[in-house]
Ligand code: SAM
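One chain comes next, on its own, written out as structure tokens in the form predicted on its own.
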């Protein structure tokens, strides 16, 4: 745990000298270069208590995000394949001691049906999620599930990239996971505070803090070169969690030249028979949440920041402005609940946590356009060897946008042609045309040709 130095992190939090307006403004100015920040600089920004400086930081976070990712928002949906779990996390409805939870592990036919539901709504990217269980979430089952999702095809529409959120693995098992042709491997530390971690995970394999902390090292050593980290905000002081998670990101970048491809920022939400989730010990209010998101964007500008449907729609719109670059949409958090739509039979007794944003994918897409954000269904980088250090090189220099903008517009036009209703089509087509007109001449010509191919019936047009 040498790179999570709790004593040092708390010393930064308690260092009142860092709460200096000139210092904070200098740090914000430096961050405009989109080269990242030090841990001490991030600690200074966490201490901002001046509203004017806070707004300066927010606008800078938006500026930095647009340097790297432009106005794109990548869209995906989680796909829960089992809620069986041998862990006893006090904040999770899937915990072993929740005897009232209705347990379900999807068959391969049910996984195909869930996938087809998502395909019919227009999704191209899913996050496969499984509780930790030696039988129900074994590697063979995960591999079969991934293949089933990839094989699902409805009139040429399909899921093109599967990211995976599963329990930590050994290096050999990670090598097998990589062979399934997954995208990003995700695993959240939940809390980086050691004593809190032990308290929140009293029994089960997840009790081993270090095994989980070094999961990303093993994944990268196995050849998986896109990894995603995250914290469940609300278990302990959000300032500590923010700085500790950044310590993790900095360590990965220093050791492997590959920082986290994504950082997820879930807050505790109510969950069935989960005492900590229903009364968070360190609830994070909206102003603090906004501040930490902006700081993450300034600290690791190359990273995709993921915002889930835990948050209500109104707040999600505000958080887009602070550096978020990936969002879930039309989500369900229990196995089999897409086919059942609202899971009306079992409802709350199967889901991992309550959602805040219940809108459909199409409603989110239309809303994004109205706010000036480009919904992206692109998965080209995964299939063009632009992963790991190749992706990082493009992202850190801001060059990724030259590739992503045309690909995002092409895949968005495919979505519009095949899945949008007439009202959404009108909004989307106007949006796409405006994007083309505001592009540089060479890019505009390239985009127009790609969209022409899509309009002529081609699918998956990218470069």
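Note that the coordinates shown come from a computational prediction; the quantities given were computed from them, not determined experimentally. Positions refer to the first chain, counted from 1.
The same protein also has a form predicted in complex with this ligand, omitted here; what follows describes it.
Partner proximity in the predicted complex, defined as non-hydrogen atoms within 4.5 angstroms of this ligand, places exactly one of 363-371, 265-273, 319-327, 379-387 at the interface: 265-273. When contacts are judged by a 4.5 Å heavy atom cut-off, residue 353 counts as touching this ligand in the predicted complex. Not displayed here, this ligand is approached by residue 91 to within 4.5 Å at the level of heavy atoms in the predicted complex. Residue 131 belongs to the set of residues with a heavy atom inside 4.5 Å of this ligand in the predicted complex.
Contact annotation for residue 71: none of its heavy atoms lies within 4.5 Å of this ligand in the predicted complex.
Only one of the listed residues (224, 167, 106, 392) places a non-hydrogen atom within 4.5 angstroms of this ligand in the predicted complex, and that residue is 167. Proximity to this ligand in the predicted complex, defined as a heavy atom within 4.5 Å, singles out one entry of 124, 290, 238, 310, which is 310. In this stretch, 229-243, the one residue having a heavy atom within 4.5 Å of this ligand in the predicted complex is 232; the partner itself is omitted from this view.
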